[in-house]
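Below you'll find only one chain, the form predicted on its own, shown as structure tokens.
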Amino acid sequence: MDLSQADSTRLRRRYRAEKRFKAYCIAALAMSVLFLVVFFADMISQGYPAFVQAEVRAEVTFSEQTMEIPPLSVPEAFRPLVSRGELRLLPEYARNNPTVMGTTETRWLLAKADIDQYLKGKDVNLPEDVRRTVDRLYEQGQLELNFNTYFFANGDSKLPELSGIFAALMGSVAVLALTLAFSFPIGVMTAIYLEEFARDNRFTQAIEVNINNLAAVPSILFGLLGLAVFINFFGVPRSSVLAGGLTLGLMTLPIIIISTRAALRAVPDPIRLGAFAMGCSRWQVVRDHVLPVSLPGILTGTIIGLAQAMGETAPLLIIGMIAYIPEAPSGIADAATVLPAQIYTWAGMPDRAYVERTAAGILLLLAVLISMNAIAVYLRKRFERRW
């Protein structure tokens, strides 16, 4: 009887411990979800204003005099509101469209950053007469917040109202394309050799250990390696697409090798044995049977590795891709910047208008990373074979 009571007591204790552990897990999950909600809410609230920009509707006169002195092309009452960058673009527009010379057009012109921030409810230091002018034009419909096409069409700029993400986005695409072209074939072929052809000896074991260690190395060390090998030794142009792609390729290589080996290892042995029984060579077995079956896992690991590379900043800072680069690269030797580096640059700018662009850049980067991970999940589910 005493033994039965003791067993019952221990059983109740185990059940209570199980319930407490389950409650702790639910609390941890709820806290994680809460942090994610707060993070996205904060990013969206700060980044959304960057997708709209203040514009002034004014009469623009195109003549020889106004093109020599661009501010004269805009009525005097609007000059304190219009961005200096917009005024510099008017002569270029007239040169590209000679038919507008001698005419007057009604155009939406980009407003200054402090005017834009004032319309968005931010506390900015504006003279009282300018505030009254802004309020009057806003009530009359001559000053509005419109969709910010400059953010998606322009590169970086010293004027926050003209700064955009286009150059960094194109730089990221170019760097990732070169990263894929460098790391994918080398990584896949290395994994195939180690998994299907290499003998199990101390040499191959040492290679495997080093590959696993490289996958855990801090990314900034790959930046130092890229600086020493590609830039200082081989003379690759600093801040170029080539330097960035090769450096990120080194960082992505261990991930592709490990994921490819895992995908190859997941292929059932009867597939190999059946192919050998039909007289296939080892290369034919790998090429015609093992690789097609393991391809979804290889692609998934590759996309996840590229997504990780796209979010890296530290190695690219070491090789100089943090410089002021307003134009998208036109070749692999051209200077370029990438989304994380552009976000890092904006985060350090003193002007408040860059704060919303920093948050908007983070939202765009998150959207790209989530999309790449979604593609990886889709490919795995779409082509996965169950045995």
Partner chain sequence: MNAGETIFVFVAGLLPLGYVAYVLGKRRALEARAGGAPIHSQPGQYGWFSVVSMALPALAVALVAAFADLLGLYQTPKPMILVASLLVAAAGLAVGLRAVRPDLRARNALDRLIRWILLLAALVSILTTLGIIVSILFEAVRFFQLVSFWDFVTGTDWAPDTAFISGAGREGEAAPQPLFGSVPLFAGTFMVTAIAMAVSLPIGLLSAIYMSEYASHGVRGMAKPTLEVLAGIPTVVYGFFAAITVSPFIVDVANSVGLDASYNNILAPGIVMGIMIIPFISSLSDDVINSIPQDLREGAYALGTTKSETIKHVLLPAALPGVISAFLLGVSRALGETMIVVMAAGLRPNLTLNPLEDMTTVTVRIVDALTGDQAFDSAETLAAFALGLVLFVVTLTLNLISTIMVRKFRAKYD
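Rigid core here is just the name for the largest C-alpha set that superposes within 1.5 Å across the two forms. Residue numbers count along the first chain shown, from 1. Note that this is a predicted model, so its numbers are computed, not measured.
Although not depicted, the form predicted in complex with the partner chain is the subject of the following passage.
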Tell me which of 167-175, 67-75, 149-157, 309-317 has residues with heavy atoms within 4.5 angstroms of the partner chain in the model of the complex? 309-317
Which residue, 109, 100, 227, 145, has a heavy atom that falls within 4.5 Å of the partner chain in the model of the complex? 227
With the partner chain left out of view, choose which of 207, 180, 295, 87 has a non-hydrogen atom within 4.5 angstroms of it in the model of the complex. 207
Is there a heavy atom of residue 347 no more than 4.5 Å from a heavy atom of the partner chain in the model of the complex? yes
Using heavy atoms and a 4.5 Å limit, would one call residue 222 a contact residue for the partner chain in the model of the complex? yes
4.5 Å heavy atom contact, residue 364 to the partner chain in the model of the complex: no
Can you tell me if residue 330 lies within 4.5 angstroms of the partner chain in the model of the complex, counting non-hydrogen atoms only? no
Kindly confirm or deny that 15, 32 and 280 each have some heavy atom within 4.5 angstroms of the partner chain in the model of the complex. yes
From first to last in sequence, which residues of 340-364 have any non-hydrogen atom within 4.5 angstroms of the partner chain in the model of the complex? 340, 343, 344, 347, 355, 358, 359, 362
I want to check residue 26: does it shift between this form and the one not shown by 2 Å or more at the Cα, with the core superposed? yes
